[in-house]
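Quick heads-up: it's one chain on its own, the form predicted alone, in structure tokens.
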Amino acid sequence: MENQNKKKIRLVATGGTIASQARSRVSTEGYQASVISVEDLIAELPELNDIVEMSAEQIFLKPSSAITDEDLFHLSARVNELLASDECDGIVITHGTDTMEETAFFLNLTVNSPKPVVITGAMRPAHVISTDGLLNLYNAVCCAASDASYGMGVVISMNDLILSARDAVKFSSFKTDAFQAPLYGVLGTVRNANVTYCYKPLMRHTTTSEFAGAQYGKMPRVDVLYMLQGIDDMLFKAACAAGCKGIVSAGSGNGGVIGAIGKAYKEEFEAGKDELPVLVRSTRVCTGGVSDAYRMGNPKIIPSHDLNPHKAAILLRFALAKTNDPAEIKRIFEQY
């Protein structure tokens, strides 16, 4: 392939297991996290130069569990800046897997370009037997360089699969096939450098997102409350006292807000308290989502549909940054 025909792909590195050093060749846990620089990472994959014009930068180097709102907006702004240039045809982001699906969904809402954005990482640190990081990175670059990835929104490429940022879920704490899309399935595959898509995401994302290019100095506070048998209202009261503008319930079954929390929220609504947070019902169940069956005549109770609690919290924060109208927030959850 001649250089003038190669796609220009930018690798933006953030850290994570893919940039971590194992204690030994058989130690897949307890590794030294986020210590391998982007230069050292791509030096182990000279094959990338055969398929693309590769460039790279280290935007930060930290475990994904340490990523902040400031980091996310900085990453989003940098991605949008790069994609606006004719010198960038697509972006690969290396990222820790702990919160990969959250960053992917955040970018799916805020990236303002149809060019490919592919997030990848590793479940095993570098240099252990059967580490997955380098092949995941190679496949992600193939995905970002594929014309078929144009307009597909932000995707995650892990373990030979391509998953929509909206639907991807980390399904295992240690297996290399940790990322799945349990409700709607994967978008496609990367197999022997061949990128194949079978499906296309239809919910709003990237260039069709009303949040594309958004930069907020401070996001509204949203708390996630996990429902379980016998739960009292302590966490609900603490969230309200802390000034949260929205609550996401990780509900039981079809998003039930159970026990004292449901009772306390109902009493606060009936008392006519204007500062009562919007309540978005999600579920702790892995797949299936929630219906719009549990409203109690309260317009501030909104279903997350099939967004899990942590993605629902991200969308609710963006929605609240734009509006306090429950009808508008409900519309946003229906479209994303």
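For clarity, every value in this text was computed on a predicted model and none was experimentally measured. One rule holds for the numbers: they count along the sequence shown, beginning at 1.
Just so it is clear, the following notes concern the form predicted in complex with a small molecule, a form of the same protein that is not shown.
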Task: Candidate from 210, 98, 177, 71 lying within 4.5 Å of the small molecule in the predicted bound form - any heavy atom - done: 98
Task: Contact of residue 122 with the small molecule in the predicted bound form (heavy atom, 4.5 Å) - done: yes
Task: the small molecule contact in the predicted bound form: residue 294, any heavy atom under 4.5 Å - done: no
- [ ] Using the partner position in the predicted bound form, report whether residue 64 sits within 4.5 Å of the small molecule, counting heavy atoms only.
- [x] yes
Task: One stretch from 56-64, 273-281, 286-294, 305-313 that, in the predicted bound form, holds residues within 4.5 Å of the small molecule by heavy atom - done: 56-64
